[in-house]
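What follows is a pair of forms of the same protein chain, given separately as structure tokens and numbered structure 1 and structure 2.
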Structure 1
Amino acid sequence: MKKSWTLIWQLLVSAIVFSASPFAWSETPEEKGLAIAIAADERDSGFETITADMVMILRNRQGQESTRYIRTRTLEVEGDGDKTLSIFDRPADVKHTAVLTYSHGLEPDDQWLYLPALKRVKRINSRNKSGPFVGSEFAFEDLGSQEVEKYSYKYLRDEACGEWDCYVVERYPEYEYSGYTRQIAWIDKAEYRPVKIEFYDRKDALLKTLTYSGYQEYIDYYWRPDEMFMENHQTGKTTTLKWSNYKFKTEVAERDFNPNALPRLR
């Protein structure tokens, strides 16, 4: 009699504990991975607009550097991928070149390139998102908006990552023309900030590692890193992105995200 009461108590307590935790004990690793991705997406949504300045430093194996200055504007789109504008300030020969992207989860993005010398707005074929962005180690798909449906997921384990605790999640690109078989992402448990991502190429060999550092909180809610460092293990080339001047919910005009507005944007 006493024994059965103990058992009932134990069951009751464990039921309360497990239902209160976000991940019920019966979850498969796939379900848990997806739940983490959804939670991370929700944690970062509602920003409306973001503007930021980026300095991109390309370094080859010999240590030669090449630097680009790019200003970015992002417009959050409900129910679809975001719209992004990138305007180049340097190198000087591509000054005022602009790229406008409407990203769409699993469909090819819509992308327009503005060439200031010719005053030409050119729609470009963006089906291949695995190509390098302006000669860097970042592919278009690494920089595009990270929608939940772009991957399927598998939770691997919990692991300490620097001073934080992380979920380690493996994700498999659903986009047909992705350059990767899988990625392993370290995401901190407290705020769902990506800390590190490993990229595996189509032959499933480790291709690149991206590390995020210098996280700062903006408008008391959104976390962004000051620096993103991408290392290509196969070529020895690296690309560093240094971010500054982050602004959230600014008065970015929606009309600027129109291919016909590109010629006047600076």
Structure 2
Amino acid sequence: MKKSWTLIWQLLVSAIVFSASPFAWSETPEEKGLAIAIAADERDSGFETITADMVMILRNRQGQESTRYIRTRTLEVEGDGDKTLSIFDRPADVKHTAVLTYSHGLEPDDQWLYLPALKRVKRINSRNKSGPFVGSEFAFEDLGSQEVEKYSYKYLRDEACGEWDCYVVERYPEYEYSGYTRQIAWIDKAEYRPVKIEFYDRKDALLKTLTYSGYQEYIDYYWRPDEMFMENHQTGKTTTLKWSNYKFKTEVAERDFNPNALPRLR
């Protein structure tokens, strides 16, 4: 998620976000919202690669559960969005399913899905990214790295969020075919960790809420949650992602982040 921001722009961001003097800068809510987004992005840059294991728990309105086990790999790309690879291990009916995402800014993300039952790689059309990811409450567009350029922003207020103090920022998708009119994000002031995000559908009704918990710090810098919980308020369904075995700056095979490689990944 590294961006080619100029030194002047970075200094401007620092002046807006970190200044202790209320008279140091009189920014608009839009300028402050953008500054917070840039600061959060810069705070999470430089990891190079990440690998992790994830358990996905799907619950319907009646409380019935199904569970999937997934391995993930992320490759940071200079000057563009990250490349993310997810490989399903269990249960048997989804084993070896793989999803590859190339995130971008205003350009549509590139995304491919390998379905072992069909033995073919399917490119996901940008118009379809508001649809559910393998039956979960996460949409395909939720999975790519959240590049700053994908949204416009508006700072709303400061607010307590559990044990932390948060910025509350509204963001509006700038890319075509999004399933959302807007999102409201709670970002903690200390480390710029997302705490909660509300998603509003195309009718501007609250669709779902994503909450993060169990944050841990890795290699003395990067923060990641142990759990992400997505609740769909309109269907009553939920999806929980439980993360473990985070590893940063590890060697990954760049050739695996190629659509043609998806059928051979194990």
Partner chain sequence: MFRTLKTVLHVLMWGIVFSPFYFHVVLAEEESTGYWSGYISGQGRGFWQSPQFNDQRDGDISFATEPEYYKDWNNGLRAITFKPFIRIDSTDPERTHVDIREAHYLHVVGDWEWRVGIAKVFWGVTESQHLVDIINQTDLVENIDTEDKLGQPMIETTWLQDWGALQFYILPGFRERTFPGRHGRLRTGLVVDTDKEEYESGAEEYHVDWAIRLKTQFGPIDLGLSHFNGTSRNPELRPTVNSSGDIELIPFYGLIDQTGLDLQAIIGNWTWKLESILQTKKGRDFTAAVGGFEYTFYGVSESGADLGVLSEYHYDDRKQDAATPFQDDLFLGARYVFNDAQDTEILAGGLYDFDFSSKSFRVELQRRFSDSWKLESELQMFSNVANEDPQRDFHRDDYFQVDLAYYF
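By rigid core we mean the largest C-alpha set that fits within 1.5 Å across both forms. Quick caveat, the model's predicted, so the values are computed rather than measured. Residue indices: 1-based, along structure 1.
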### Query
Given that just one of these two is the form predicted in complex with its partner chain, which number is it?
1
### Message
With a threshold of 2 Å on the C-alpha, tell me if Y153 counts as moved between structure 1 and structure 2 once the core is superposed.
### Response
no
### Message
Rigid core superposed, CA of V168 - does it shift 2 Å or more between structure 1 and structure 2?
### Response
no
### Query
Fitting the rigid core first, would the Cα of K189 be found 2 Å or more away between structure 1 and structure 2?
no
### Message
Can you give me the Cα shift for D110 between structure 1 and structure 2? Core-superposed, in angstrom, one decimal please.
### Response
2.3
